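Single chain ahead, written as structure tokens, the form predicted on its own.
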Amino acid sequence: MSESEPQAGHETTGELEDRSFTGQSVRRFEDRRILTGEAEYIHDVTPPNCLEMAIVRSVHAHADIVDVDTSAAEEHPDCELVMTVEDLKESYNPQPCGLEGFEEWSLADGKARFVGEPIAVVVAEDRYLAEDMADLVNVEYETLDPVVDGMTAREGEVLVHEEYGSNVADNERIAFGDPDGAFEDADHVVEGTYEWGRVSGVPLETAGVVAQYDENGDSFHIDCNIQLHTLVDDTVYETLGRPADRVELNVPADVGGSFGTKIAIHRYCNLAAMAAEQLGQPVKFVEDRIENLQGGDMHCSERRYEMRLAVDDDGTMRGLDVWFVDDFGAWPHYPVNQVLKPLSVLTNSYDVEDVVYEYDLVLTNKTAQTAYRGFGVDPHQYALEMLVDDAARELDIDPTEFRRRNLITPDQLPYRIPSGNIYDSGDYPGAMDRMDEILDENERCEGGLLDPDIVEQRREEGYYRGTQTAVLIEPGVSGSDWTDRQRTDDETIENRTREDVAELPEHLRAEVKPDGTVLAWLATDSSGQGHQTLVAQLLADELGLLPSDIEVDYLDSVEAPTEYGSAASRMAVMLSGASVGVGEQLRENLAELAADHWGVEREAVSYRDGRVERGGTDESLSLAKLAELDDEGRTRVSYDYEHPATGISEFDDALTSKYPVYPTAAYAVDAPIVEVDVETGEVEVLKFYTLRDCGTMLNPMIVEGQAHGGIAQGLGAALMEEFGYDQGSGQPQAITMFDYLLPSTKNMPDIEMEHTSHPSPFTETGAKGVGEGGMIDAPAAIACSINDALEPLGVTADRLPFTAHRARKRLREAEE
């Protein structure tokens, strides 16, 4: 990133010729209003006569609800409304759930299944009064034994949902190639068990909603910070029992982070909307921090892996066997997709054809999982790289050399992995070689962090240093109709054809304003990624304008078509493709408009630098003049950029089956240098080297910002963050920021970042998604570096987070 890069808006039109804003570090337009306090979040939305809602939550992990006595609250003069599940059943529907066979109401129905589960809501003039009224609601429980561990839950002695009859909500075994043959023929079979703890995004702004009901139209307007508001709006309008066009979800331009977690805040939208309808007044609810951490339906994957790798004496990987248990918590919200997404990077960067992938999805008495940055890929990459480390050491091969021997080579790209997804472009061995050069030049030299003399000296002092390079793939651009395919029965899937695939494009609109500037409309929401800046700089190039001449706003859920939106590293790729399409269409419309005005053929005019010129003359029309002339709406256009994979026949097999299709494969080669204090178990990341390839870099400043944030989250998952639960009572152990440890500047190392670029052949601009990078690659890379550091002691980071307590425990066990 260049600090001296001028802000695009400072340039004059005369300087635009031959200048491209794409690929420049255009400073984010969003940041001015955020940094000056002008941004408006949900907390700032308070319509007249707005009431506030508080939630009565379960204090037990598992209990029958014998009675909910609301009389004391209802009798209080400051209480406006109390609702229990019985009130909901009179007028509304259960929330859509992630698997068939489960019926989830927005309030607990007869049984509490996790600490923090909403049981009743209370509405009053303000939040303070509402909290006081909530304390007057008396809930009588009959406590039950909870089941908290995923492996124990599989045995079914305690059932979370008796009517379902099992705690295993779903399981599947998928085989690719001939894994049985590979394991029979291989010289070695290496086995390992690895565990990934519960973490989450923990955004600065918690979930919030302000709901209003229009009696005349029997419709709702709901301001909220839900993610994917045009895709998951069904979780709200179906629950409210209204058609989609009568439930308008509006997400502010500024949302204080989500990382996937706010996809699952529909419970709050539903409850606030119901209360607003009952009262005929607006109702507001903003989650407090304890609610967010304890029971906000926002935890991510928690997995135990048992893996096997078949490998020959020469270090050739022959087969991979993946089995794992994923602890969903009490309800299956977004289960199957998060479990199957790792199939898009099944073998990571390695050339392996014969693979088994099998899972059990289990229910326990914990808050439910939702999506989180990486969407299940991060634990898979971690476990696989740990197995690779174990195999290298069992074969007595240097782990870096072992990896290099099995990497997919440039001449194999585009490369189809066993599960049908295709990696687009790159040079994995070259990137690994470059990282070796960087380490040799900077650290494996006199005075460097990996100077052998210094490493030895630090060991004598009780500090073990190490680093390990690995190439980690970030699958990008989710879409198509994969979510629906996961819920489709096998017979239907077998008969599915390419014509049955729904494409889920990205929608963008633009119009020329009377002053000649351009207003663009996004159909998706943002939670801090810089979408407005990205569209402005791309449209500026397409139209020969300045980015400051482009204003970007958002459509609500009723105005926007049902698109996929902001998830799975889609937006840079999809919005850049849509921007190119909108720009082309608008240029053509404006040229036709000008030709009609002059009464000449279309070929006699051309669009150039924000105006249309008439060939052979000095006549031209500005955008403002064209807007004045337009009486047919030709200065307004919309464009749908289709999902890249749907136009490539090689993806057809995956598109017609259950397998995920992610047509971009950004990647990173990481080499974090870590140091472990073997007395305290503290792990410090001294420096984080990373070489990254996201194809065309549309805005390097945003790309690097995404990577820095992702690496910080990855460091937290690797070393610090965890939603633990008491194994006896099911009580959550991390409900404040004193318990849930987020990384800060104190924990973050210097990040040395370098880029290489292999543009994607599958996307309009060559860009690849980068929204989940860092979180996907950093945990695995840090764990492998710990393995390298502690290799002399025979200790590995076999469970994340590898906290000081766990490290000390492993080190003590190794001494025995």
Partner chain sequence: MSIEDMPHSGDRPTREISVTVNGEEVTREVEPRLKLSDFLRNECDLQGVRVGCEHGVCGACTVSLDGDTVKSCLLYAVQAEGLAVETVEGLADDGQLHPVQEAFHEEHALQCGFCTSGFVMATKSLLEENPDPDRDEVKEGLADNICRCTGYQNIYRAVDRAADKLDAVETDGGADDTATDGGER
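Source: prediction; values computed, not measured. Residue numbers count along the first chain shown, from 1.
Keep in mind that the form predicted in complex with its partner chain is not shown, yet the notes after this line are about it.
Although the partner is absent here, F114 lies well away from its partner chain in the predicted bound form, with no heavy atom inside 4.5 Å. At least one heavy atom of I34 is located within 4.5 Å of its partner chain in the predicted bound form. Within this chain, R444 is remote from the site of its partner chain in the predicted bound form, having no heavy atom within 4.5 Å. Taking non-hydrogen atoms only, G724 never approaches its partner chain to within 4.5 angstroms in the predicted bound form. For the candidate spot formed by A391, Y667 and E754, no residue has a non-hydrogen atom within 4.5 angstroms of its partner chain in the predicted bound form.
Site annotation in the predicted bound form: the residue of G705, P94, G448, G177 reaching within 4.5 Å of its partner chain with a heavy atom is G705. Residue G201 is the only one of G201, G376, P282, G583 with a heavy atom lying within 4.5 Å of its partner chain in the predicted bound form. Stretch-level contact check against its partner chain in the predicted bound form with heavy atoms at 4.5 Å: of 713 to 721, 652 to 660, 504 to 512, 187 to 195, the positive one is 713 to 721.
Taking its partner chain as it sits in the predicted bound form, the stretch 257 to 285 comes within 4.5 angstroms of it through a non-hydrogen atom at G257, F259.
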